[in-house]
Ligand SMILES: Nc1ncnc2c1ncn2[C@@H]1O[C@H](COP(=O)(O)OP(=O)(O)OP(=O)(O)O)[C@@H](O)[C@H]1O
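First comes one chain, alone, set out as structure tokens in the form predicted alone.
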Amino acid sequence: MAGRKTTVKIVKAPKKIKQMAIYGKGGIGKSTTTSNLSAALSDLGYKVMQFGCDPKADSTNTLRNGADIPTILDLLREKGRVDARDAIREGYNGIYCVEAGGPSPGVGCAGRGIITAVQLLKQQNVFEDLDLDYVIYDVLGDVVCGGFAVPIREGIAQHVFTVSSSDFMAIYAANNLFKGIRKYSDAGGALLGGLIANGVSSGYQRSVVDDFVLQTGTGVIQYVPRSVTVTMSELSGRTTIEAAPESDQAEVYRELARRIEKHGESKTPNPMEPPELRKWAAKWSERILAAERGEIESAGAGI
């Protein structure tokens, strides 16, 4: 008697989505960096979603020729119940653009928008249905508390990158972020992938950043010089990757994407305490001033 034919059902393992959060002080170029990173990753063939977590809801503008999109919180206020897909718009090269939004002015906590938006997309399996490779959260990094800490605290993002310049307040914000990562690391929170040094052009600027990551046990994943090409591109409502693809600046962002593509293990940083950070900053201030006066040859050497 012939045996029955057996059908073997192969269950395909779900694709692991790489989720990362990019933090940075307001005005440091965080959204510019994030949007160019998203564009560069999409050019490498990946399916990318950029998730704007700033209540200003302007993270994805340059991926959509300067156009605004409805935020998840706006739609919830209008309709009460929302299909998360109604808040998703496609931008440059098919990048999925989402803005969490914020509360009405003067009412509520802006961080709640992140919590609500993330929960909505997760409950409706949006990430899996869109077959994403990367979800990149663009998060305001001046304060790492409440809703703004959600990508770190709850492990929604596996890796965190911070955008900083050599300016003290940008470094202060990065150091605060490192404290948040260290606090939640033992509970399964996200770890630090590295620092993106933005607007770093002169020798002393790079040396200040290099010394900061040395003191905190972290590292720089990419140096992004200041460039008028970025300004020109954003004035046209586009990323540098789209507006000036052959430029040197576009290649800097492509190299950042390649480094993040190959990025492996993240780490727990070792932030400086406030007195230590102030002392460190004062030493650099003295060195830069001495270089300006010609008392020492260069401010570029480490202390």
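The structure presented is a predicted model; accordingly, all values stated were derived computationally and were not measured. From 1 onward, residues are counted along the sequence shown.
There is another form of this protein, the form predicted together with the named molecule, and it is not shown here; the text below is about that form.
- In the model of the complex, the named molecule lies farther than 4.5 Å from every heavy atom of A250.
- Residue contact check for L277: none of its heavy atoms lie within 4.5 Å of the named molecule in the model of the complex.
- Not displayed here, the named molecule is kept clear of S266 by more than 4.5 Å at the level of heavy atoms in the model of the complex.
- For the chain shown alone, E242 is not a contact residue for the named molecule in the model of the complex, no non-hydrogen atom being within 4.5 angstroms.
- This chain lacks the partner; the member of T71, N198, S207, T216 within 4.5 angstroms of the named molecule in the model of the complex by a non-hydrogen atom is N198.
- In terms of contact with the named molecule in the model of the complex, the residue from D43, E255, E234, E261 that brings a heavy atom within 4.5 Å is E234.
- Residues within 4.5 angstroms of the named molecule in the model of the complex, judged by any non-hydrogen atom, belong to 226-234 and to none of the other stretches in 173-181, 85-93, 129-137, 226-234.
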